[in-house]
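Take a look at this single chain in structure tokens; it is the form predicted on its own.
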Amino acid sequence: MGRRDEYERFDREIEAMGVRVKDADQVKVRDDVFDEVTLVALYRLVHKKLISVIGGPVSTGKEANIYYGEHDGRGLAIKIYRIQTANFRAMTDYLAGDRRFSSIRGSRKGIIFAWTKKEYSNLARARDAGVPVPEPLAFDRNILLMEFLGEEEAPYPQLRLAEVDDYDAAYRDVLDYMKRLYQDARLVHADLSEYNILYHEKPYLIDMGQAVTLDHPRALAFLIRDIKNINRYFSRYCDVLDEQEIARTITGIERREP
């Protein structure tokens, strides 16, 4: 059976479960994403009746693709980590310093499955701390289901592409989110930039897979890097605070004079 026949069979079987398939002709986009492991995970999520519509791609990347979906009329982001192309060595470094996942060893698939679970856990912790992030809904293997942040089937724009009425307010919001992450969720985003923030009336943090707990050996270094990235971006549009002052406010740690 050819790849196209396989996908057509997949579409038929998914539709037989009551799931509507949009953009079923996007085989080229899906060709290296919907491998056997991913299909099994998707079947399981469908069997749990967590997906009622599967649509086309919202974003594509080396690490993961995001597809639009729905569950009983509610928009979903279906994030699929790409087993063949994801940088699992970098993932291993972030996992190894996190006590929740430090015992994870083994295959590329095992690392990516753990990474998917890690992003789900990080999103849940961030949301519980009051940080605007997509609500995590479920995960299975290399697939994460989240709340879709957008209107109709269009996602909110990345901060770098958004029309922002008040950059100073947006900057203060992001600093507040970083503080809540650190003090309440006990997390550092570790890859925060204008690419991993969506904007619609306010900022939303996304891509939380690499976020680390505070006991990670590089947590503070990641925090400083996040602060530098945020200041670098917002300094084009508004006055920014001193990086050390921001770090002290977030961590409560006073700088020690030499």
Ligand SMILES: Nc1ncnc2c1ncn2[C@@H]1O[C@H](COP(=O)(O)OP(=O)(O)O)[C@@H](O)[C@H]1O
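Remember, predicted model here, so these are calculated numbers, not experimental data. Each residue number is its position in the shown sequence, starting from 1.
One more form of this protein exists, namely the form predicted together with the ligand; it is left out here, but the text below deals with it.
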{"query": "Partner-facing stretch of 194 to 202, 47 to 55, 227 to 235, 213 to 221, counted where any non-hydrogen atom is within 4.5 angstroms of the ligand in the predicted complex", "finding": "194 to 202"}
{"query": "is_contact(residue 148, the ligand) in the predicted complex, heavy atom dist at most 4.5 Å", "finding": "yes"}
{"query": "Residue 183, heavy atom within 4.5 angstroms of the ligand in the predicted complex", "finding": "no"}
{"query": "Contact label in the predicted complex: residue 132 to the ligand, heavy atom within 4.5 Å", "finding": "no"}
{"query": "Touches the ligand in the predicted complex: residue 126 (any heavy atom, 4.5 Å)", "finding": "no"}
{"query": "Residues from 149 to 184 in contact with the ligand (non-hydrogen atom within 4.5 Å) in the predicted complex", "finding": "149, 155, 158"}
